[in-house]
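Taking the form predicted alone, here's one chain by itself in structure tokens.
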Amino acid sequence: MSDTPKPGLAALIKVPQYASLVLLVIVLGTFAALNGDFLSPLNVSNMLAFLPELGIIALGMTLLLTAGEFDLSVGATFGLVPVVVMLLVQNAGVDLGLALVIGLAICVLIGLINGLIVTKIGISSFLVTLSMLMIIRGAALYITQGFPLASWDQPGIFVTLLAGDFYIGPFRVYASIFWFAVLSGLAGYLLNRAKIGNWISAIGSNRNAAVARGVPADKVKVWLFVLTSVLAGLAGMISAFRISTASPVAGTGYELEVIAMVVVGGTALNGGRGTILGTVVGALMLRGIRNGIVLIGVPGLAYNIFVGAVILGMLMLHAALQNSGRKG
């Protein structure tokens, strides 16, 4: 009788997203204990305001990593698209709706270039997207001469839909959280319920075997690069509308933070296994860490050191939980 719960517990530990959820509870509980304001309505609202911007990118990265590829250009794309959109609207008089379409079309082009070079020429996605990062970031700096654009002062339907806000009791809620929720649901369906989800996992596990079974591996990878770029551009626009400005250096370092969110959530870095629920948990965890270490008074110059150390520790703990589950 006493032995019956053990297989269930071991099975739960072996599920990546549940192990990540345990870590999330530990992290949030620790910060709440260290600072009573951590779970206050104002602080929770601040955390949720920024969460979708990195979380939306992480959804695309989850699918791409599951297929065994990287995209290091997402942070630069995040910064470029709002710059292009705002320049078109403010300097060229282009309608905002059309400017957004042009911005997203640029994302599609970036994703196509990345995907085609990786699949047709056979260069590592790490090297291809690292080069693309430099090209995109350089382009954003060149067309703005390195300066942020003037504040966005043209409210409208698109601004409201992407970054509008309202209050639910004491909590300030942004429209972007609903975009994140809907996109998370769609990504989860694609990965876990749709045929393409099986293809993505098969490609990441063993590309040659997947191709032998008729999976169009190259086509799937190209469209995953496109999707990831489009989501990065969308997240960039949400951020620009929320803070009312566009900066050519926005999104610097986001590519690595997004990968950390995805991996901490339980997606395999070498492909073949992905979890959207785990990515949502990972996004919540890293956002909570960034917010919490400010509240507990970590010095500004030690900020990144602390974040990096915590992420590394979580990855090690996550791996230990997984290994323990397998042995169990």
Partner chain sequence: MKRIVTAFTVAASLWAGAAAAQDKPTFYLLSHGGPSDAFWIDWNRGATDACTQLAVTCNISFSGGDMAAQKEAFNSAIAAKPQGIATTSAQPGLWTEEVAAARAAGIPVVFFNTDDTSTGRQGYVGADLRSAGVQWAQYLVDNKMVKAGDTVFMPVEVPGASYQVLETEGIASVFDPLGVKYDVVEAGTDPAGIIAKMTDYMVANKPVAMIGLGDSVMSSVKQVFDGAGLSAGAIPVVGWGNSKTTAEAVRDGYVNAAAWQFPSAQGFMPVALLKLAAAGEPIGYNIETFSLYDKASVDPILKLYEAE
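Residue numbers count along the first chain shown, from 1. Keep in mind that this is a model prediction, so the values were computed, not measured.
The protein also exists as the form predicted in complex with the partner chain; that form is not presented, and the subsequent description refers to it.
Contact annotation: L34 falls outside 4.5 Å of the partner chain in the predicted bound form, judged by heavy atom distances. Contact check for A268: every heavy atom lies farther than 4.5 Å from the partner chain in the predicted bound form. The partner chain is not shown here, but in the predicted bound form it comes within 4.5 Å of a heavy atom of S239. In the predicted bound form, at least one heavy atom of G251 sits within 4.5 Å of a heavy atom of the partner chain. The contact with the partner chain in the predicted bound form, taken as any heavy atom within 4.5 Å, belongs to L295 out of L295, L28, L277, L284. Residues S205, L256 and L312 are none of them found to lie within 4.5 Å of the partner chain in the predicted bound form, as judged by heavy atom distances. Considering the partner chain in the predicted bound form, the lone stretch of 225-233, 175-183, 240-248, 197-205 in range is 240-248 [heavy atom distance within 4.5 Å].
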